[in-house]
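First, one chain by itself in structure tokens, the form predicted alone.
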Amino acid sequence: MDKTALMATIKEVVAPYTKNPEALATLNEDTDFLRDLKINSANLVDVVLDVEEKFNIVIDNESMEKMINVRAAMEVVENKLAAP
């Protein structure tokens, strides 16, 4: 999966949880889930669960803690998809 498709899928996953549609419209790798999209910490767990389901991967707690922005989420997904 290329980065554009990955980012589009992550955007689709976070859309229902964001409180800032303007930030969602301009989502990029530096977009912070909490600060920019105003996703609360409880919903951030829902985002992780939805990412797991969407990509058919399991995200461990250590990786989940890193997923605070789009870039980190993309790295976690890419690493999990590349794992044997």
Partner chain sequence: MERVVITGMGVVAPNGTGIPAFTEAVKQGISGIRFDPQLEALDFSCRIAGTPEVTEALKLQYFDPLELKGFNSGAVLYGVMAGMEAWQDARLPGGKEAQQPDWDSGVIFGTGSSGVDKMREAIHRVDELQVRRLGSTVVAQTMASGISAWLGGKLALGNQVTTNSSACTTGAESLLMAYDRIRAGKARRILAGSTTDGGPYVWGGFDAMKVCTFKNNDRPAAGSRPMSATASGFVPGAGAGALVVESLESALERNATIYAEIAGGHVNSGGQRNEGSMTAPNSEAVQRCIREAVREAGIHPDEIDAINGHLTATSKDATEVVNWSLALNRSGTKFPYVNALKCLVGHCLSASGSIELVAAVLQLQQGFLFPNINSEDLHPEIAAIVPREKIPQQLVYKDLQVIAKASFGFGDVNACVILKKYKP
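Computed from a prediction, not measured in an experiment: that's the story for all the values here. Residue numbers count along the first chain shown, from 1.
From this point on, the text means the form predicted together with the partner chain, which you will not see here.
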Whether Tyr17, Val45 and Val58 jointly form a contact site for the partner chain in the predicted complex is the question; each needs a heavy atom within 4.5 Å. yes
In the predicted complex, is there a heavy atom of the partner chain that lies within 4.5 Å of any heavy atom of Glu52, even though the partner is absent here? yes
Taking heavy atoms and a 4.5 Å cut-off, does Met64 contact the partner chain in the predicted complex? yes
